[in-house]
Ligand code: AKB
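Heads up, the chain below is alone and in the form predicted on its own; it's given as structure tokens.
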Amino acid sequence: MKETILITGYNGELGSKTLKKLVSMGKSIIALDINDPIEKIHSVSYIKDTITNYQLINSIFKDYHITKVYHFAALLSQTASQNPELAFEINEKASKNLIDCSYTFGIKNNCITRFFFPSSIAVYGPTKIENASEQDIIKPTTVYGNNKLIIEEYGSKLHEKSLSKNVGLDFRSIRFPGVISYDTVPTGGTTDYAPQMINNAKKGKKFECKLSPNTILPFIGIDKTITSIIDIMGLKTIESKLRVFNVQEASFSIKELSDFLLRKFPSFQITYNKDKNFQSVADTWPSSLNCEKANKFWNFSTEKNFEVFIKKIINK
């Protein structure tokens, strides 16, 4: 049976770009999303359904030889806080089921199913940390952060269980900071102000920011994000008990970003209307991340200069 990759949430920003990259590499792909494909690729097998359809998920593993899973389907931070019960069903329960199916498939077929899970800096808390390592204080204060941490731990536990038998699950995860794209403007996340602000500045539109100007958070560009996902999943093995890794390209305050955009786009205007829900979340997330482990295992490199980082995105 032909080896196949399963991607969930393929219509999202990370899912769609990872899908295209894997197609360019000649991979056989099954793509699952609750919506129809925004852009259809003839070589991809599309399924329109939800990851909470456990019968469907089980049948996919029964009918196909799934060697890798890229699990992007999720509710984002602010959306999850507004719908905690739905967040539990999608971000936790359905994710655990997908991990279980991957593990069971590996055991049954005497192989290892490689599983990628995009985690988030939302797992940190309750106070802001600078240069946060993977093993710093992890006490998330949000629904989304707790969802992510639970799956990090669940996947890592099954990974450890698989090691003794050398069959089952190979769990790999990256804790992403805010992701800034050059062609999409996301909503529903705490760090989405950055791509929204950049988009408005380029169009000469006014932007109302829900966070205070001195708020500092880490970010990564979409190209580096996708490269990191492909790189970590391309490793034959990761000789470490650590299964979750930090990445960032640059860390900066909202004022630094707005000042740069005001110089670059003189017609741009920004106002501040602090939202206590957004601010309370941002105040528990790290101001910067330590990426030494990612650098060690797949040569991940950061961009120290904030302006160089932003220029790359704007010019793209």
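In this text the structure is predicted, and so the values were computed from the model without any measurement. Residue numbers here begin at 1 and follow the sequence given.
Just so it is clear, the following notes concern the form predicted together with this ligand, a form of the same protein that is not shown.
- Heavy atoms of every residue among I121, Y144 and T190 are located within 4.5 Å of this ligand in the predicted complex.
- This ligand is not shown here, but in the predicted complex it comes within 4.5 Å of a heavy atom of P177.
- Taking non-hydrogen atoms only, T225 never approaches this ligand to within 4.5 angstroms in the predicted complex.
- At the 4.5 Å threshold, heavy atoms of S77 reach this ligand in the predicted complex.
- Stretch 113-121 is the contacting one of 206-214, 113-121, 233-241, 151-159, since its residues have non-hydrogen atoms within 4.5 Å of this ligand in the predicted complex.
- Residues of 283-297 placing a heavy atom within 4.5 Å of this ligand in the predicted complex: W285 alone.
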